[in-house]
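This document opens with one chain alone, in structure tokens, the form predicted alone.
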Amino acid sequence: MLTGRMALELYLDLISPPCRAVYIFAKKNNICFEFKPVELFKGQQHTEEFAKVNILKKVPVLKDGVFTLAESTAILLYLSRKYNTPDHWYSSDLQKRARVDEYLSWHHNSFRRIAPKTLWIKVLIPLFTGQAAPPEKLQEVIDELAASLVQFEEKFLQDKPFIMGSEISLADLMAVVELMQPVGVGCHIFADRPKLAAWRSRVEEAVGKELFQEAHEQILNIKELSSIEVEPKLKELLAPTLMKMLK
């Protein structure tokens, strides 16, 4: 990737689904950027240094010269407009664009809200608190996610190859990276869902399997996280919130 005094910078941790979406989109569209790693499980998002980049202490973040932008959807739209990426990502047609917007609005209160909980329950709660989450907690999340998957298939995917029809869009990209989170922790959400599984395969093909695997390498090897040393200050910060999830 190109670097330079005024290079586009992306602050990312590929354990995060929104970061993976931004990373895949930039790489797929040959957008040159400097990768600025922010290791979430080392608490680097809470440092004073990173707070100067994003006071929200979240990734992804884009820096384009003196311009800084947070939030994955905003970043994806900015990149698509600045670099005039192929129209299928975010159509110039008003109604097609509105359909992508519709999915992205739904996404944040469904897949984005639910799917990451599988990682917290199966990996991060034990890692940060030393306690295993009750199996029923995971089942609650899986049941809630299953209901959203039905809505996704019936409302957004229907009988189309992709959400917008015959080609991949930002909606497909945001959806698939989020659904890979439970896959990474051993939740077989694509099993017994042939339409959903076929859609995932098409998205992988459209992105490029090598790039898709590269972006998901961390989440697909998530067991390695169980042996990492978590910063004590980060444990102190997050443990109370995680303990509430056990109740």
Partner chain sequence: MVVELFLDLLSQPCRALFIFAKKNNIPFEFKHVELIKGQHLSEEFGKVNVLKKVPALKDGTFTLAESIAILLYLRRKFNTPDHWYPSDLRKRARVDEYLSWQHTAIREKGCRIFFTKVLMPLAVGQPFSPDKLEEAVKEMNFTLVQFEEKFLQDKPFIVGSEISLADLVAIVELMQHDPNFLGCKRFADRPKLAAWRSRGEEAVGKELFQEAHKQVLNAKSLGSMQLSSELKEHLKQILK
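Positions refer to the first chain, counted from 1. Since the model is a prediction, treat every value here as computed from it, not as a measurement.
One more form of this protein exists, namely the form predicted in complex with the partner chain; it is left out here, but the text below deals with it.
F156 belongs to the set of residues with a heavy atom inside 4.5 Å of the partner chain in the model of the complex. Not displayed here, the partner chain is approached by F67 to within 4.5 Å at the level of heavy atoms in the model of the complex.
Shown alone here, Q139 lies farther than 4.5 Å from the partner chain in the model of the complex, counting heavy atoms only.
Mapping the unseen interface onto this chain, L56 counts among the residues with a heavy atom inside 4.5 Å of the partner chain in the model of the complex. Residue heavy atoms within 4.5 Å of the partner chain in the model of the complex occur in exactly one stretch of 59 to 67, 211 to 219, 181 to 189, 32 to 40, and that stretch is 59 to 67. Although the partner chain is not shown here, in the model of the complex the stretch 10 to 33 places no heavy atom of any residue within 4.5 Å of it.
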